[in-house]
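Taking the form predicted on its own, here's one chain by itself in structure tokens.
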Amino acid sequence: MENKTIWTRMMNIDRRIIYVIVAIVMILPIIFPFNLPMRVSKRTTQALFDAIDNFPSENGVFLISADLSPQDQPELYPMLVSWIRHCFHRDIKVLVMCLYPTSLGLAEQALNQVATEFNNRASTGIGRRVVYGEDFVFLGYKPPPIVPILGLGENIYEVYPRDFYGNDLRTLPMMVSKRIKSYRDMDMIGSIAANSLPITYVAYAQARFGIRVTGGVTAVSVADFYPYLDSGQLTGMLEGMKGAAEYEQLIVEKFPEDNGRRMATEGMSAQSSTHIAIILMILLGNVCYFMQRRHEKRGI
């Protein structure tokens, strides 16, 4: 029987061992998260953070169109949470709507999660409490998508006479005190989606009513949005999990008291570790291949 060299044995290693290695490398950073150094993109993440940070204090209104779904939750959900955190820190009023019914649960979960974080800190004397109807409102879902996109430019109460919980929108303190009636009374729309919805907001809401638009999109679709970013039609943008992690970093730097879970940062640790492991295994496989060829040529 031909004696196998160490290079041959390594190239023929059981693939199940590789799967186990990848699983361990992926799981360990989730159990024991660590922070990787990140360079924040000035063109996208920093531009968006600065735009929201420059909203008029206590008068700003940010409309978030949360159109994520469970399959893209790892990338998009941390973006939604970070936007809400940033607004609450700066006392910017938040309106959240959904264009698809599958997004309702995640949008409500994000609002409740961040509100609980702030109220728990407030109970210890750090920061302020946030109250539904005064600091944020969940509009819910109204089909088809083009109806709320255009309708909010004319009259929000005709599109959403009641909020997601059945409250009369005209009676909510935030809507009354800020006199929110249409896009004219808002500072920006943020569209979080795995499809081209941010471009739809640019085409219909921005082009017709002049409101600024930003987006949070999955990494695989980022290239489609660069022309709108370069033209200034998008005010910054969050690019996949990396963009969400960058935004989390900016929030912690600006508001050190924020102790909320940094989900995108944790995800980047696992993702980066897995990528490094795969690259090393590819390099090792190539080294083994060329060493085996060298061994065969020498006839050893």
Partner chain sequence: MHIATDFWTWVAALLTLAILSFLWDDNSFYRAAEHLYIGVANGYSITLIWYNVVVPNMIDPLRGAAHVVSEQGFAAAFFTFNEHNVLNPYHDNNFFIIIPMMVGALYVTRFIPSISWMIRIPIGITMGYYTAISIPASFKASIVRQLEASILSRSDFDSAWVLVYGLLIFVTTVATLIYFFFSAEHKGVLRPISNIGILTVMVGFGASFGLTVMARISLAIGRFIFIFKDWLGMVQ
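Not measured: the values here are computed from a predicted model. Residue numbers count along the first chain shown, from 1. In this text, rigid core is short for the largest set of C-alphas that superpose within 1.5 Å between two forms.
The same protein also has a form predicted in complex with the partner chain, omitted here; what follows describes it.
A.B. asks: Is residue 74 near the partner chain? Define near as a heavy atom within 4.5 Å, in the predicted bound form.
C.D. replies: Yes, residue 74 lies within 4.5 Å of the partner chain in the predicted bound form.
A.B. asks: So in the predicted bound form, is the partner chain close enough to residue 271 to count as touching (4.5 Å, heavy atoms)?
C.D. replies: Residue 271 belongs to the contact set for the partner chain.
A.B. asks: Answer yes if any heavy atom of residue 104 is within 4.5 Å of a heavy atom of the partner chain in the predicted bound form; otherwise answer no.
C.D. replies: Taking the distances in the predicted bound form, the answer for residue 104 is yes, it comes within 4.5 Å of the partner chain.
A.B. asks: Would you please decide whether residue 124 lies within 4.5 angstroms of the partner chain in the predicted bound form, comparing each non-hydrogen atom pair?
C.D. replies: Although the partner chain is absent here, residue 124 would stay clear of it in the predicted bound form, with no heavy atoms inside 4.5 Å.
A.B. asks: If the cut-off is 4.5 angstroms on heavy atoms, which of these, 47, 40, 26, 252, is the one near the partner chain in the predicted bound form?
C.D. replies: For this set of options, the contacting one is 26.
A.B. asks: Who in 198 to 225 is close to the partner chain in the predicted bound form, meaning a heavy atom within 4.5 Å?
C.D. replies: The stretch touches the partner through 202, 203, 204, 206, 207, 208, 219, 220, 222, 223.
A.B. asks: On a rigid core superposition, would residue 69 pass a 2 Å threshold for CA movement between this form and the one not shown?
C.D. replies: Shift of 2 Å or more: no.
A.B. asks: Once you overlay the rigid core, does the Cα of residue 38 travel 2 Å or further between this form and the one not shown?
C.D. replies: Moves: no, less than 2 Å.
A.B. asks: So the Cα-Cα distance between residue 282 and residue 223 shifts by 3 Å or more in the predicted bound form; is it shorter or longer than what we see here?
C.D. replies: The answer is closer, because the C-alphas of residue 282 and residue 223 approach each other in the predicted bound form by 3 Å or more.
A.B. asks: Between residue 279 and residue 223, do the C-alpha atoms lie closer or farther in the predicted bound form than in the shown form, with a difference of 3 angstroms or more?
C.D. replies: Their C-alpha distance shrinks by at least 3 Å in the predicted bound form.
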